[in-house]
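Before any questions on how it binds or moves, here is one chain, the form predicted on its own, in structure tokens.
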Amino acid sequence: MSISERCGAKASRRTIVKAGAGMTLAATLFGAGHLGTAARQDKTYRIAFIQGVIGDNFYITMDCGARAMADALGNITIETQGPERWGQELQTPILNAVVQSKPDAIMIAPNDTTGMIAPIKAAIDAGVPVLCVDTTIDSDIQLADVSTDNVEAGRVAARGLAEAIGEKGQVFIVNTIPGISTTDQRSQGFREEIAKFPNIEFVGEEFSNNDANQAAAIVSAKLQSDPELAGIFGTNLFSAQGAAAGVREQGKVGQVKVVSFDAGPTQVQDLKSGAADILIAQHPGDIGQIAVQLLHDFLTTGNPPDPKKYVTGATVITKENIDDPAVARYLYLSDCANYKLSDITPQEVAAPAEATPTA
């Protein structure tokens, strides 16, 4: 049985979380819940999108989804910015400045689970509703959270790597920065799942400070100190890029298997060249679409999202399935020219209370 079959080549929003009763996009936009709000629908709303880091293909694709949904709705404008590198100290002043510009709402990928609570609370206290996308905070003050099921995606990565190395040998995690909800959860899911394989030894985790060059240096050093290393899991785009680069530098392509979280252009090249063996693609466009839909509904009706958690899927990408259009649609973008609005709805990915991931 192939890796794709065992892990779920399309571990999509429909398979990672059971959806509630679905509604079509048309029903969502024009259904009964919006009758009687014509006056508010006529108003244009301004949503500020604060990315986790600027220039990351994951967040670029999320922005494409947000803008496509805004265009479809017709009364939303999106303003996007973000820090040049990951860091609460860089994101906080951006958030503060955005609040001063008085947008109607903010969607943000917080850079720290605890450190961003106070700045987000200040925004809310100033009258600006805030919704978290991708990452989150250890609080429930935000309107809602829209993200990948990162614990489950980490488990999928572990199963894929286990099969790639024949369910035996040493494995290692290259992570990004401690205290980020998403990557902490991926590491958790990976470690929990890999422990189920009796002939696989987990030999540790190191952090790359969200720097691909630092990740490459970590992996190069690890391959020298642990020559029997069989597999590596890179927990985000930059860590995964660095993992593949480190394997190349040490002449271990094909010998050391790499599971790469995210699916940016460089990671696709790594997959095709053999430097990476599996990509775990999130659905950032879907996250952007759902976030804007939820904020639109709140701004036009005054009703907060219910439930507060929305969990999108992840797709396993291999050399064998990358050309399948149903899979290729989840490859991350460098710009929005070819983005196509999907028919995903918040109702489809609303997480039941008992299935809500913990940060």
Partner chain sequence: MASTQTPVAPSLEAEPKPTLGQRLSNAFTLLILLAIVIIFTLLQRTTFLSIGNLNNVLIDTSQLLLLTIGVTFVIITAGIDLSISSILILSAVVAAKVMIQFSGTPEQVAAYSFPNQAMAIPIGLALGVLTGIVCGLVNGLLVTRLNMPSFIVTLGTLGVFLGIAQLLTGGTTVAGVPPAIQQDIGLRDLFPWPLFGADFRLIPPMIIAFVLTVAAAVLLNFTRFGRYTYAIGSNMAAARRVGIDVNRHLLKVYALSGFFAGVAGTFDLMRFGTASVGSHQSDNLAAISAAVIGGTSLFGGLGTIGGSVIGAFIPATLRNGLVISGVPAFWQNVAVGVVLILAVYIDQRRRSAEERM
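Between two forms, the rigid core is the largest collection of C-alphas that superpose within 1.5 Å. Numbering follows the first chain given and starts at 1. On a predicted model such as this, the values are computed, not experimentally measured, just so you know.
Below, we turn to the form predicted together with the partner chain, even though it does not appear here.
Partner contacts here mean any heavy atom within 4.5 Å of the partner chain in the model of the complex, and among 75-83, 272-280, 251-259, 129-137 they occur only in 75-83.
The candidate spot formed by Pro198, Glu206 and Lys222 is out of contact with the partner chain in the model of the complex: none of the three has a heavy atom within 4.5 Å. Residue contact with the partner chain in the model of the complex: Gly55 places a heavy atom within 4.5 Å of it. By the criterion of a heavy atom within 4.5 Å, Val98 is counted among the residues contacting the partner chain in the model of the complex. The closest heavy atom approach of Asp112 to the partner chain in the model of the complex falls within 4.5 Å. Among residues of the shown chain, Pro227 is not one whose heavy atoms approach the partner chain to within 4.5 Å in the model of the complex. The single contact residue among Ile177, Val268, Val151, Ala217, judged by any heavy atom lying within 4.5 Å of the partner chain in the model of the complex, is Ile177. Proximity to the partner chain in the model of the complex, defined as a heavy atom within 4.5 Å, singles out one entry of Gly242, Pro119, Gly160, Gly264, which is Pro119. Residues of 315-344 include none with a non-hydrogen atom no more than 4.5 angstroms from the partner chain in the model of the complex. Core-superposed comparison between the shown form and the other one: CA of Gln267 displaced by less than 2 Å.
Comparing the forms between the shown form and the other one on their rigid core, the Cα displacement of Ile180 reaches 2 Å or more.
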